[in-house]
Each structure stands twice: as structure tokens, then as C-alpha cells.
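Take a look at this single chain, the form predicted alone, given in C-alpha cells.
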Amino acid sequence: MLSTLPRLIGHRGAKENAPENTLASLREAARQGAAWVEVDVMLTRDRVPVLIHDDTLERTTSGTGPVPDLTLAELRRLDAGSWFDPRFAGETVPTLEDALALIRDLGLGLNLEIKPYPGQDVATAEAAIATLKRLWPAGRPLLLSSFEVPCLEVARDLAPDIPRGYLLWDPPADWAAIADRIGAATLNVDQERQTAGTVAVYRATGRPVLAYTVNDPRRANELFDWGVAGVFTDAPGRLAAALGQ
């Protein structure tokens, strides 16, 4: 179980102010005072774990098509910043290795979401965990999360000491049994689907509840009042200021 969790976690860095899942976004989250960041990891064609959210390249890069169709070298040639703002032209899709080095240097905790391309659950989890074992400093706060149960099963078996977060959107009927089976340390839930009652049900399992994605301070306060331990936000600095943190 995690000993401490922050109330605010920078979602994909600080994606309100910088292109998501880039090194620039991680730096911006730190500049805004975030204690933790959350990023997504997927594999290239040559099985290198990189930071990107979508299965395809169009929304956040100058490329097209599925992410795993490209090698790391090909992916590196894409622009991952101009779509957000011309100031970020030339920003690239970072490797997980590059991101971990920066997150370490910035002194941040990390929620790494394993977000595999369809059919690559096990391979993505294995590659991400191998990189974490090699590079993540002992004792630095870390949470591995995923919507995909096979990813969390791999994490449980290969890295039992790394806490696992079970991501839920439309929970299956047996979500509580799954959480027990994978040894979930947290339940990471969609804030828009929550009520005081649903949060109480999740908390009754004895696990902290984290809610995504919260950018409205009134909603954040409501969730905290219901017992949510922390929220993922695109704007950690703005939300912290509004909440008086």
C-alpha cells in the first residue's frame, strides 16, 4: 500500500499549458508545483516504451497511423508540440527512459499508466516494468496503473513491490474481485461518473480512491468531501491556487 498520496497529480504532465506526455509538459507540471505526474506508456514497432496516449499519432504528433507501426527512430522525427502551440515546435515523443530521468531530476512522484496498443498488453507491461526496475530510484513514490487487467497481472507477478492502481471507467460487475486478485493499492475512477455513494462503495474496499480528470475546483472540493484521496488534473498549479494549497 502507498504510504502517502498527493491531493493533486499532474495529468500527462500539465496538459492545459503544454503538449501532453512530453518533457515540456513534465517540466511545466514541476514549475506549477505538482508533487506527482501521470503519464501514459506504449510501445514502438521495435518495442521501445514511449510516452503517448492515443493508439494513433494524428492528434498529438505530425504523424499518422498506429503508434506501433513506427520504430523509435521514425517516431523521433515527428513533431509532438506544434499541434498545441508553435512555441513547442520540435518537441518530440519521449522514451520512457528519457521521461524517468527528467522526473527523477525534477524530484517528482510518478503514476505510470500502462496503455497498450490492442493486443500488446503483456509486452507493454513487461517493457515498462523492466525500464522502471532499471531506472526508477528506490524509495521514490511510484504507482503503476492500467485499465487492462492483464497489464496489472504482469505487474503483480514481475514487480510485486510496486503499488498497482486499477483504472475504472464503466466497472465490470466483478470489479472488487478483480481488484483483490491483482492486489490493487488504489482505485482510479472517472470523476464524471461518481457520486457520494459510489465513492463510499470504492472506499469500503479499504483502498484510496483517485479521480480523473478534475479541472474545476468546486468539483475537486466535492470529491474530497466524499473521501477521494487525490485527483488527476490538467492544471495542477491553477487548481492548487484555487483550492488554497
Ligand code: G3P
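Note that the coordinates shown come from a computational prediction; the quantities given were computed from them, not determined experimentally. A residue's number is simply how far along the shown sequence it sits, counting from 1.
This next part talks about the form predicted together with the named molecule, which is not shown.
- Listed stretches are 106-114, 131-139, 152-160, 79-87; the contact stretch with the named molecule in the model of the complex is 106-114, by a heavy atom cutoff of 4.5 Å.
- The closest heavy atom approach of Tyr212 to the named molecule in the model of the complex falls within 4.5 Å.
- Proximity of Leu96 to the named molecule in the model of the complex falls outside the 4.5 Å heavy atom cutoff.
- In the model of the complex, Arg45 stays away from the named molecule, with no heavy atom inside 4.5 Å.
- Within 4.5 Å of any heavy atom of the named molecule in the model of the complex lies no heavy atom of Glu28.
- Contacts to the named molecule in the model of the complex (heavy atom within 4.5 Å) from stretch 11-46: His11, Arg12, Glu38, Asp40.
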